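Given next, in structure tokens, is a single chain: the form predicted on its own.
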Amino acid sequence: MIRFDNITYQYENALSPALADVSLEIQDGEFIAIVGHNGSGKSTLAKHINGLLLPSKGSVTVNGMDTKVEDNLLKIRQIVGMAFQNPDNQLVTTIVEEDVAFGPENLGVTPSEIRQRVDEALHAVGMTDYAEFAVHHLSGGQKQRIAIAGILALKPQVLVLDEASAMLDPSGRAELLSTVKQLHDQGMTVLMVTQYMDETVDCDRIVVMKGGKIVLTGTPSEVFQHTDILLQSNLVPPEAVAVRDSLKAMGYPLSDRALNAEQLSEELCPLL
């Protein structure tokens, strides 16, 4: 679905490139987490997917289309939807259902099709009961879900979340993550940029970035075996993983598959 082929990108007046010879492939239907500390290049990488940024060297292709070809950009942006940190910057009207309908209206979709898309998108993010609410009455997590509903109404194949949970409280983050998991379960390709390692445990694959390069990639259980690399990248493993590793060091026979509190408790209970 998405291919980064030896891409390099350097911001104007920057002393060093934000991305340096990065290659990565994302398959259709995958749930990928791109993690890294501030300045690691993870958001810069994400913005290359729909042509917000174009590589200085190398190429990015989406469904076989090169982002450097201007005639491809509209098609690519119909395939890839992006949600950013601040949902207030993505909401353009005052009423929830009107905001979700805004994108399809601008594409010239028929009124009956718009109604169906709005209903389906609100249902997908669990916000059907809020269709006629004023946007400013919603919580941060609810606003982010409405922003995602507006993206879903455009019928994308890929959802990119560029630190979309960064401005949310723990409750809002949990709401957002639950919604994203459901969308992936329904077949959507998801790429999530985050600093919160606990958000990555249910992903298919984690890509760790540092200094504009990929330093580690693998399944969550594989990546969390390399806590040394994570700490060197200024990333803190989930608390459950830290507890698991401490218990393993004490001699408890725990597997690397225990990544969250529920999985850890399932392995600990028989030992009691």
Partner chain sequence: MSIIVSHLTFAYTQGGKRLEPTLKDLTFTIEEGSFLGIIGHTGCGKSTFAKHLNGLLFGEKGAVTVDGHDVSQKSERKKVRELVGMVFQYPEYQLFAETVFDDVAFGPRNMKLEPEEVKTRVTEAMQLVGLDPERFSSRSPFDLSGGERRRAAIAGVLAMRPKYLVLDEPMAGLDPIGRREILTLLEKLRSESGCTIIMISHSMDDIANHATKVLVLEQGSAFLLDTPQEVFSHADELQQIGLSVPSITKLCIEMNRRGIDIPRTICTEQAFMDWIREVKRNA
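All figures in this text were calculated on a predicted structure; none of them were measured in a lab. Numbering follows the first chain given and starts at 1.
Only in words, not in the display: the form predicted in complex with the partner chain, which the text now covers.
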Q | Segment assignment from 154-162, 73-81, 169-177, 110-118: heavy atom within 4.5 Å of the partner chain in the predicted bound form | A | 169-177
Q.
What I'd like checked is whether F4, A14 and D21 together line the partner chain in the predicted bound form, meaning each has a non-hydrogen atom within 4.5 Å of it.
A. no
Q) If you check in the predicted bound form, is L216 within 4.5 Å of the partner chain, heavy atoms only? A) no
(Q) Considering non-hydrogen atoms and a 4.5 Å limit, does the partner chain approach Q142 in the predicted bound form? (A) no
Q) So, in the predicted bound form, is L235 in contact with the partner chain at a 4.5 angstroms heavy atom limit? A) yes
Q: Consider H226 of the chain shown here, and say whether it contacts the partner chain in the predicted bound form, taking contact as heavy atoms within 4.5 Å.
A: no
Q. Out of 245-272, which residues reach within 4.5 Å of the partner chain in the predicted bound form, heavy atoms considered?
A. S246, L247, M250, Y252, A261, E262, L264, S265, E266, L268, C269, L272
